[in-house]
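Just one chain is shown here, as C-alpha cells, and it is the form predicted on its own.
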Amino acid sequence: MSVPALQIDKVSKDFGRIIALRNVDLIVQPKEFVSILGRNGAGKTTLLNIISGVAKPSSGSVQLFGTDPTATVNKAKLAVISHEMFLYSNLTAIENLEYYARMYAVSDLDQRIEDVLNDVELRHRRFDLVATFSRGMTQRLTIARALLHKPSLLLLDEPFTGLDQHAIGMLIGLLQEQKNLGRTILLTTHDLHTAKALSERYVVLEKHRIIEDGLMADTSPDEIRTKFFSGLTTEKEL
C-alpha cells in the first residue's frame, strides 16, 4: 500500500484558552481530492496551516508523504493558495514568477512561466507591477505561483475569494486539470456545489472536530447543507 499523501493523528491546536482544533484524525491518499467544509471559525484555516507547516499542533502529529511537513523534501511537493498572497507588490508579475521558479529550481523556466500566465489569463499584464493589479488579478497570479512548480499536494483555502464569475470558471477548470494530472488536493470552500463537482470526498469540521467523512457520490449539496448547516440562510455563510 502506498504511503498516504497526508496523515493526521490526534491533532489539537489551542491559542491560549481558545480551542481551534481538537483530536483531528485524517488520512488522504495520493491523487485524492478532498473538500473541507465547516462554518466560519470551525478550524479549517488552522488545519491547513498545520498541514503546510506554517503552524505547529499543540499535540498530535502530521506527516506529508511519510515525513514532517517542514522537511526540505516537502517544499517542492507542496503549494498553498490562501488569504496570504506571498507576492511582492513592487515586482512585476513575471518577476514574481521568476523569483519562485528559481526558488523551486523549475526546469525550462521561461516556458513554464509562459504556461501558467496563459492558464490564468495574465500574459498581457506580465510586465505590470503587482501593485497595479485588482484583488482578482492578484488572486489569479497567486494561483499561477502555486502551480508553477507542479506540486504533488495542493492546499486551497477559499481560493475563489475575490474572483469574478469568469475567473471562478477558469479556476474550476484548472483544478479539474490538476485533479486529472493526479495531484492530491485539499480545498476549503463555502460553495457546496463546486465541492460536489470537483471532489470525490468531503469532511465536515464542526466545533473544532471532524464530525463527518464521506464520499461525494453518496450525497448532495442540499443533503450536506440540511444535515450540517441548516441554521444558515445561504451556503455562502457556511
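None of these values were measured; they are calculated from a predicted model. From 1 onward, residues are counted along the sequence shown.
Beyond the structure shown, there is the form predicted together with a small molecule, which is absent from this document and is the topic of what follows.
Judged by heavy atoms and a 4.5 Å cut-off, are Q139, G162 and A167 together in contact with the small molecule in the predicted complex? Spot residues vs the small molecule: no contact at all.
Based on heavy atom distances of at most 4.5 Å to the small molecule in the predicted complex, which listed stretch, 27-35, 45-53, 193-201, 178-186, is the contact stretch? The contacting stretch is 45-53.
From the list I224, V11, M216, A20, which entry has a heavy atom within 4.5 Å of the small molecule in the predicted complex? Looking at the other structure, the residue within range turns out to be A20.
Scan R102, H83, H124, R135 and let me know which has any heavy atom within 4.5 Å of the small molecule in the predicted complex. Selected residue: H83.
Would G66 sit within 4.5 Å of the small molecule in the predicted complex, counting heavy atoms only? Contact check for G66: no, nothing within 4.5 Å of the small molecule in the predicted complex.
Proximity of R209 to the small molecule in the predicted complex, heavy atoms at 4.5 Å: No.
Should G173 be counted as a contact of the small molecule in the predicted complex, where contact means heavy atoms within 4.5 Å? No, G173 sits far enough from the small molecule in the predicted complex that none of its heavy atoms falls within 4.5 Å.
May I ask you to state whether N40 is within 4.5 Å of the small molecule in the predicted complex, using heavy atom distances? Close contact exists here: in the predicted complex, N40 approaches the small molecule to within 4.5 Å, heavy atoms only.
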